[in-house]
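Quick heads-up: it's one chain on its own, the form predicted alone, in structure tokens.
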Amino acid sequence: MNYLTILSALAGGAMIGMAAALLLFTHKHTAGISGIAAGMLPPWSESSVWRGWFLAGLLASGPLYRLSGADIALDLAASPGLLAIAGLLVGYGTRLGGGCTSGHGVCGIARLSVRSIVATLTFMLTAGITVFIVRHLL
């Protein structure tokens, strides 16, 4: 691990935390991406405006980062169809789990929500088991 990786990770984490706090204090909503995206589905309401701007900011962050001169390495080894199926499964899982990693892991744990702590531990344990199986058993 090099020094710049640590600094960029700290800066990114601080920016995510500040954005989550800003959204909570200004709009009284947690920054759970699946909930924000689900709120954009019909029927639309007043909250669709801030949700749209939030999602537009997420989508614009990659190209803006590239404009800063940084290089983003992107290596997709899966087909578009497999990625679409994976996306649908992730969406189903976030509805089943009552939120996504950003909602539970960043915002829920910060609020000391027991449900979010259990959900995040479940995410992390499942991810660890999956990595072990894929890298060492398959």
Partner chain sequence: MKNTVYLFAYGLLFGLGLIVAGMSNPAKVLAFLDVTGEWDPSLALVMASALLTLGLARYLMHRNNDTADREQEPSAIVPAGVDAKLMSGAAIFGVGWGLSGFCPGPALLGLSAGVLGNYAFVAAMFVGFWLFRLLHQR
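Definition used throughout: the rigid core is the maximal C-alpha set that superposes within 1.5 Å between two forms. Positions refer to the first chain, counted from 1. All values reported here derive from a predicted model rather than from experimental measurement.
The same protein also exists as the form predicted in complex with the partner chain; that form is not shown, yet it is the one meant from here on.
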- Message: So in the predicted bound form, is the partner chain close enough to Pro42 to count as touching (4.5 Å, heavy atoms)?
- Response: yes
- Just to confirm, Leu76 within 4.5 Å of the partner chain in the predicted bound form by heavy atoms? yes
- Query: Would Gly69 count as a contact of the partner chain in the predicted bound form, using a 4.5 angstroms cut-off between non-hydrogen atoms?
  - Reply: no
- Taking the partner chain in the predicted bound form, which residues along 30 to 62 bring a heavy atom to within 4.5 Å of it? Thr30, Ala31, Ile33, Ser34, Ala37, Ala38, Leu41, Pro42, Pro43, Trp50, Trp53, Phe54, Leu55, Ala56, Gly57, Leu58, Leu59, Ala60, Ser61, Gly62
- Message: After superposing the rigid core, is the C-alpha displacement of Ser48 2 Å or more between the shown form and the other one?
- Response: yes
- Would you tell me if Leu58 moves between the shown form and the other one by 2 Å or more at its C-alpha, with the rigid core held superposed? no
